[in-house]
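A single chain, nothing else alongside it, follows as structure tokens in the form predicted alone.
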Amino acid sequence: MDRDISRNAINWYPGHMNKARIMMEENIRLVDLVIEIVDARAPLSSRNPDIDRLGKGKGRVIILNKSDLSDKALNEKWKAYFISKGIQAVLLDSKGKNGLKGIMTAVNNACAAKIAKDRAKGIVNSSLKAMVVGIPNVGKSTFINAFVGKNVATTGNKPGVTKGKQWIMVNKELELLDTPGILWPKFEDQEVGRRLAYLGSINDEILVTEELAGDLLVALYRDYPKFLEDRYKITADVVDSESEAAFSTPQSRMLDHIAKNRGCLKKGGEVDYFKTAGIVLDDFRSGRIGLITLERP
């Protein structure tokens, strides 16, 4: 636990993501609007900045997905933030199908100018075409399946499930172009990379999960200390305690405390940091620690 993840730059851009970016650039001319799925727990960090460039001149809708796992007090603030930027925004829980009714309203509002232009030409029943975009693991396929009302997109709980594009008919008013989730080549702000790693948008297999979980606990102790106390019995005494162990840090002390309480020990009583980290990350991603948002508007 003596290494610090902040010194390990998170930089991941596999070949299939570059292909997905090129495909999006080639197909953006086919659509009227861009529906961008973000994770409500980190609405800015889970946005791909390339989308603003790709979607320039198109109608824009942002779906704040997984809003059932995020801080309720911040959900409305984030929605208002995006609306203030001229982007339609909808809070959504795709799995629970809460918020679906607001999506068509947002789509029509985003394309109001095009709809009015078509009507002026006598075109009254033309369908809108939308490209659905989002970084890995924000729930894009789950959103599409919930919106359409049947399983038409492949879902999974790890990044990179959607492999190619597909057109999906929602209703007579809207057709969706699904695309693979893409990240951007380099995170200029490593804090963005960390937040995405916490959420599972970056494959755990390329990360040091022990360090990731330790840093997550520090962030949660700063913003949601009561949640850590309720879930893991972590208090200031644990975080600030003096320790004779080499390389003792707040991260290692919190992980040690959780490991001992959960029985995550190897033979001889040595802490199993890998197993403990898995518990912490899974608890966070599933909402068992609490309803948490990692950044403020």
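All residue numbers refer to positions in the sequence shown, first residue = 1. What you see is a predicted model; the values in this text were computed from it and never measured.
There is another form of this protein, the form predicted together with guanosine-5',3'-tetraphosphate, and it is not shown here; the text below is about that form.
Considering guanosine-5',3'-tetraphosphate in the predicted bound form, the lone stretch of 260-268, 62-70, 47-55, 228-236 in range is 62-70 [heavy atom distance within 4.5 Å]. For Gly193, no non-hydrogen atom is located within 4.5 Å of guanosine-5',3'-tetraphosphate in the predicted bound form, even though that partner is not displayed. Put simply, Thr142 is close to guanosine-5',3'-tetraphosphate in the predicted bound form: some heavy atom of it is within 4.5 Å. At the 4.5 Å threshold, heavy atoms of Asp215 stay clear of guanosine-5',3'-tetraphosphate in the predicted bound form, well away from it. Contact check for Ile135: a non-hydrogen atom falls within 4.5 Å of guanosine-5',3'-tetraphosphate in the predicted bound form. For the residues Lys129, Lys95, Lys77, Lys114, the 4.5 Å heavy atom test against guanosine-5',3'-tetraphosphate in the predicted bound form is passed only by Lys95.
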